[in-house]
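Okay, so here's just one chain, in structure tokens, the form predicted alone.
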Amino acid sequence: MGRKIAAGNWKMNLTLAEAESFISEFSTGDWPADVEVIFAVPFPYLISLNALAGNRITIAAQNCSDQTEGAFTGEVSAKMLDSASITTVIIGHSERRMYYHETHEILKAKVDQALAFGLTPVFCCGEPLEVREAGTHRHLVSQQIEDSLFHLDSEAFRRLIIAYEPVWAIGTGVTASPEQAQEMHAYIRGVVESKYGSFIAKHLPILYGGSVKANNAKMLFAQEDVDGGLVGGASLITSEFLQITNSF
């Protein structure tokens, strides 16, 4: 394991008052100095939570536009995020792919936008249940990575974080076994190595996302190629997420 990252994705949850209370309480908690903590929060809360977070917590956006600026009502650009001192953004979450029909080409453009404005993309990949059952999950995941990321040069690619999220394990209570998670993380690292070499592949942070909880995080994070988690529901509970940050 290289970097240790505990990332929470709040999705469309919490009021502003609840979010501010959470960050204030969480920031007084205890977790190892070498564990990076990230919270991806709703757009309206980014600036106020960033001011509350202090230097041990990174406040991230959950999405950004594939355009720099213009007549795109309701969109938020990487340029805007950068101007608001946001340094990290999730791109390609399965819910964005599923509900908003974000294609590999759209995600490629979003990655480029994020990198152009100095943001760290947390790029999500993963397969739905029918693909896993058909045994073609490796092919789909490699295609997601290759189509949206492999146009990058080595220096740009080194700025990424990848999150593997088996769609069948998101919000279902079903978690990939530690062995399943390790197998896919090792596979992803191998796909990256084939393009960018062993050094970049070895140092690429790969997070697991899919019903990560305090009672399974330690087993998942113990796997050689699992560098942490992208956590959904459990990241909304202060005590639960603190336990997760202490599971490395």
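Because the structure is predicted, anything quoted here is derived from the model rather than measured. For every residue, the number given is its place in the sequence shown, counted from 1.
Note that the form predicted together with a small molecule isn't included here; everything after this is about it.
The candidate stretches are 110 to 118, 89 to 97, 129 to 137, 73 to 81, and the one lying within 4.5 Å of the small molecule in the predicted bound form by heavy atoms is 89 to 97. Taking the partner from elsewhere, no residue among I38, D227 and T245 has a non-hydrogen atom within 4.5 angstroms of the small molecule in the predicted bound form. Scanning V141, A169, I161, L149 against the small molecule in the predicted bound form with a 4.5 Å heavy atom cut-off leaves one residue, A169. For the options S65, N50, Q62, S211, the one in contact with the small molecule in the predicted bound form, meaning a heavy atom within 4.5 Å, is S211.
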